[in-house]
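In the block that follows, a single chain appears as C-alpha cells, in the form predicted on its own.
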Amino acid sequence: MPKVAILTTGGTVAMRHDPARGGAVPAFSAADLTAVLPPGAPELVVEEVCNLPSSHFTLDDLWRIRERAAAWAADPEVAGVVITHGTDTLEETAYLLDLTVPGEAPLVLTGAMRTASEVGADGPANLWAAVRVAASPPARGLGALVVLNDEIHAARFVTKTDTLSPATFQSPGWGPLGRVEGDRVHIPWRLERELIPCPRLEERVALIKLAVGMGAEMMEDALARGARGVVIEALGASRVPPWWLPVIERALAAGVAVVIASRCPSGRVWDAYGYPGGHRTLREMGCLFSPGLNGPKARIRLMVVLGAARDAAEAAALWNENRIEGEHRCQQSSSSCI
C-alpha cells in the first residue's frame, strides 16, 4: 500500500464538547484522529502542526502548514499528503498550497462540520475519504484538493457556501472534479495547475468588499497603513463607483498593486461597458484582474505574487503571465479502488 502523510492542524474535526467551557474545543491529538481509520488503510505517517480553530490562524501559521506540506510532498516515499483543517479558512490554505507547492503528490485538505460529540459526526468519514484520495493514482498531479462529503473539489474553485451544512463545500460554476464512490476514487476531470515559486508571503495586502453607496475610506486607510496590495471585491462583473477612481489611481501611482475581483460567487471579471468605473476604465488605469478567484483567494494569490516579485512592474508581469482563467480539461474517466 502507498504511504500517506497526515498533517493535523485542528478545527472542528479535532473538537468535542467540553461542559465546563460551554461548547466544543480542540481535544483530539493526531493519534486520536487516525485511530478511527478502518483496517486496510495505507501506511500512515502523522505529524501535528498545531491544534487551533482555523479562525485563529495567523499568516505565520498558514506558511508553517505550507512548509510542512511541501516537505512531505517532496518525500519520494509519500504518495500524498492529507491536511486536517478547520473549515472557516480551509479554502485559503488549500489555494496557497495549490499555488506554491510543486510536485505530483496530491495535497488533500479535509475537515468536519460536526464535532465528535454530535450525532452524525462527519470527521471520520471525511478523513478516510481524504486518505483514499491522497493514495489514489488518478489524484496525482492535481495539486491541492478539498475532500468532504465524498466530493473531490479543486482548490482553485471550491468555497464554503453554508454556515452549518455538511455539504457546505461547493465549486460554483464548475462542480467537483470527482467523488469517492463506494470502493473507488473516481476523478473524471483533470485541471491545469498554476505554480508560482514564492519564498514568502507579502502580508500587507488588504481585502475590501464593495456595497452600494460605499465610500473609499477603507482603501484610504489601507494605503495610509502601508498596504503593498489591495484586492477589491467589486460590484457585478468588475465595477466600482466613480468616486473610487481617484483613490485607485493614487494607489497605482504609488506602486500599490490593485486587483479587481467580484463579490459574485462565480463568473469572470469582465464587462463591455464604457462608463467610468467599468472594466475598461480599471484596465486602462493599470488594475489587475482576478482569474476567476473570489476575494479571499485573490488576496492569497496577490500575497504570493508580491512575495515573489521585486517591484510593481514585475508583480504585474508575474500576475498576468501566470493567469489561468479556470479551464477544465476533460480527459478519459479514471478511478482507483482504495
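The structure displayed is predicted, hence computed values, not measured ones. In this text, residue numbers run from 1 along the sequence as written.
Although it is not shown, the form predicted together with a small molecule is what the next lines describe.
Student: Go through 139 to 147, 240 to 248, 112 to 120, 75 to 83 and give me the stretch that gets within 4.5 Å of the small molecule in the model of the complex, heavy atoms only.
Tutor: Flagged stretch: 112 to 120.
Student: Quick one: is residue 87 in contact with the small molecule in the model of the complex, heavy atoms, 4.5 Å cut-off?
Tutor: So residue 87 counts as contacting the small molecule.
Student: Would you check, heavy atoms only and a 4.5 Å threshold, whether residue 292 touches the small molecule in the model of the complex?
Tutor: Flag for residue 292 set to no.
Student: Contact with the small molecule in the model of the complex for residue 34, defined as at least one heavy atom pair within 4.5 Å: yes or no?
Tutor: Residue 34: no, not in contact with the small molecule in the model of the complex.
Student: At the 4.5 Å heavy atom threshold, is residue 42 in contact with the small molecule in the model of the complex?
Tutor: No, residue 42 sits far enough from the small molecule in the model of the complex that none of its heavy atoms falls within 4.5 Å.
Student: Taking the small molecule in the model of the complex as the reference, which of 296, 53, 307, 277 has a non-hydrogen atom within 4.5 Å?
Tutor: Only one option qualifies, and that one is 53.
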